[in-house]
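Below sits a lone chain in structure tokens, taken as the form predicted on its own.
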């Protein structure tokens, strides 16, 4: 089975080194989809419905068609002329400038027949609520409930039982770069510069939508400004842009406006969770039951992953998706897990309080993951868990502090990535791989792995990624990118090294198995008495570059991630403001490829978790059925002033090979904060986001006077 070098033999991997594209990004040289503007390019713009439910009776484009600079207008964007959410595309235009395109959209007159709607979870679940789809109920029947053991017997045997209801909000992806594409037809072939997490998935999906061969579609993504799961799939905007470009005979760029991005380009589903947990006096969890609901708008996939993490012998859990008149959800960093963690980790703390047991001890009692057992202890020491007040809310003064904790988990591993490497006579190395860098540093680790294996510097490697014409790699989602790509690059590098070793063996008159590649030189054997430089061995190729093909192999990556977080908060009981002061994030990392980008991933995940816990919330107007805060002025995201001190602890297990790190560190943040808030004020907040008004309402509803510890 393939193996990585030991850490002591590595010179690049597992150290901290800067991104190869860092300078391009800070200087503005990096090209994003919106930066690609070939000669003759037109600007696309969508007309979207202002109504959450309606039928399109008539579309009049006569005034828009007369506007100078308008080249194409499409009006067949709706199937069956049915509108099911505010923001759904109805028509599209292509014009010489963005301003003309916007004016043209304003000139299109659409006659709608407005229909009743249900734009949020509560209204859609009411008896007699308007149906989002005429042929099905809003509440989807539970499919394959999770069942094991005897739940009734488990609760009967429990010494402590806690029941509670928790809610989480709809969170939008809020990518810095909106969704969009620049497309250009060259003969029968379509070239697509797309802001995407999956160049191959866009190629396949777009080809199917347009009724052409995937070989005719060429997708390029040099850089992209955030996706978090929302850009894994081909977008409707790309297909519309392709049709505009085909009809106009010119390239078309179509980037969604910020409002359109909020309304139609994905979100994390909300949840309503009614849960029950039973435990024995010694803290052993014995039974769990739960019913959850969530809305993915007009789509599916709002599952809440309950019961979360902890092994419980008797379980019953069922989930119901609920259709609403809102834009469909898309995958969002650890789908279904932050919602589940927020509820389950609080439920555990409530059980611990009834048992008069330390919440950390309760978790250690039920912890079956050997790695996380170690991580719990590391995190507790880093945060100073012994400082936690045993009596919640007993801190003196209006500003009260507390500590809380939560666990994370993730499941997927690597999969079938392929790559090609070419070694040139001048010593330069080129790698082609159809993965994409979504901001995580994939381009950099591709070069680093090759440089490590070949024993040369990073400056000798040219990593070429982000094109569907390159060897296949899957979408960058589910924390599968590094465990998929890294083994393929190592395997490809090994094959190139083996070929070069054969050449070197002839030069030295030695065995190819004894050849050593190290520090930019090639040695005959371990004695290191005879050697040549990397450039010298490459010159032996003369004019013929060496090209090899490699693929993902087992043994170099693994699946299953454990982790935990501890949070310290300060809550002002007079204003209701919550300030997260510190988060300790212990992350299970396997073999760390680049410590700098790994820590960056954990930092970003925690910040996103803080934002989810305290600020972000899609607000739907019950009168109009549309999102009323679809902009960055009113949709609050954690900024620099709200970011706490984050202490990242990378828990190395290099023997496991490469594992993913993107998803798990964002899962437990909101739960750890919620438990810390309870420890601070003695009142539990069971709904996200935990805004000042909710803090004050909770304090008013349950006034408690507590003594000092």
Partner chain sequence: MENFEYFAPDSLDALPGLLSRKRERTMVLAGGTDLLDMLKERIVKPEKVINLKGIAGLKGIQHGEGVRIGALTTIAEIAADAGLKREYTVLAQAARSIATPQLRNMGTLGGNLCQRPRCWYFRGREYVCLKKGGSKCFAPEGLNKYNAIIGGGPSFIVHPSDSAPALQALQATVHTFGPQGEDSIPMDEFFELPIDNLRAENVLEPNEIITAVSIPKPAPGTRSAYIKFREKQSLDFAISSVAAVLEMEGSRVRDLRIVLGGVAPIPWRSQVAEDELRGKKLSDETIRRAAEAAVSEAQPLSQNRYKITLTRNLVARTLRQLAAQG
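Numbering follows the first chain given and starts at 1. Fair warning: this is a prediction, and the values are worked out from it, not measured in the lab.
The following text describes the form predicted together with the partner chain, which does not appear among the structures shown.
- In the predicted bound form, the partner chain sits beyond 4.5 Å of every heavy atom of residue 20.
- None of the heavy atoms of residue 361 is located within 4.5 Å of the partner chain in the predicted bound form.
- Mapping the unseen interface onto this chain, residue 370 falls outside it, with no heavy atom inside 4.5 Å of the partner chain in the predicted bound form.
- In the predicted bound form, at least one heavy atom of residue 691 sits within 4.5 Å of the partner chain.
- Across the options 98-106, 381-389, 152-160, 522-530, residues that bring heavy atoms within 4.5 Å of the partner chain in the predicted bound form belong to 98-106.
- Comment: the partner chain is not present in this chain, but in the predicted bound form one of 146, 575, 213, 547 has a heavy atom within 4.5 Å of it, namely 575.
- Note on contacts: among 140, 540, 619, 82, the single residue with a heavy atom within 4.5 Å of the partner chain in the predicted bound form is 619.
- For the stretch 390-408, the set of residues having any non-hydrogen atom within 4.5 angstroms of the partner chain in the predicted bound form comprises only 398.
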